[in-house]
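As structure tokens, one chain now follows by itself in the form predicted on its own.
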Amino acid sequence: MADPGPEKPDTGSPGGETLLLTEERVKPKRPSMYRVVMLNDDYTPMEFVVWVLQKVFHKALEESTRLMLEVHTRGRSVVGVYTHDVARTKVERVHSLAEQNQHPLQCILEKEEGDGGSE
């Protein structure tokens, strides 16, 4: 049997050319962010609103009081900005606590503008 000579490495391409493989790096998109907006009503006690802000949004007493007064005087206040799932969970928690305590307190979600993410 004849010696075929030195073996050529398998390059994966016809003709034995060397292929240069580059790794494409995909930068993950930041998730869309949502504002949780608390709405004013004429029935929910201010103390309850402060308590909800502390319990659900983990705000200090001073900040909870400031946000409650903003809701009361302006009709609404952004009480936090979160990813969609977290924001939705917080809104549901507020509605659940309000219902359990027979208050009409409401929160809504608003998508942050220009956050660059997609839902």
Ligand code: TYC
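For clarity, every value in this text was computed on a predicted model and none was experimentally measured. Numbering starts at 1 and runs along the sequence shown.
Unshown form predicted in complex with the ligand; subsequent notes refer to it.
Contact check for R93: no non-hydrogen atom falls within 4.5 Å of the ligand in the predicted complex. Taking the partner from elsewhere, Q54 is found to have every heavy atom lying beyond 4.5 Å of the ligand in the predicted complex. Although the partner is absent here, H72 sits close enough that one of its heavy atoms falls within 4.5 Å of the ligand in the predicted complex.
Contact annotation for V36: none of its heavy atoms lies within 4.5 Å of the ligand in the predicted complex. Only one of 55-63, 42-50, 28-36, 83-91 lies within 4.5 Å of the ligand in the predicted complex by heavy atoms, and it is 42-50. Scanning 88-112 for heavy atoms within 4.5 Å of the ligand in the predicted complex gives just one residue, L105.
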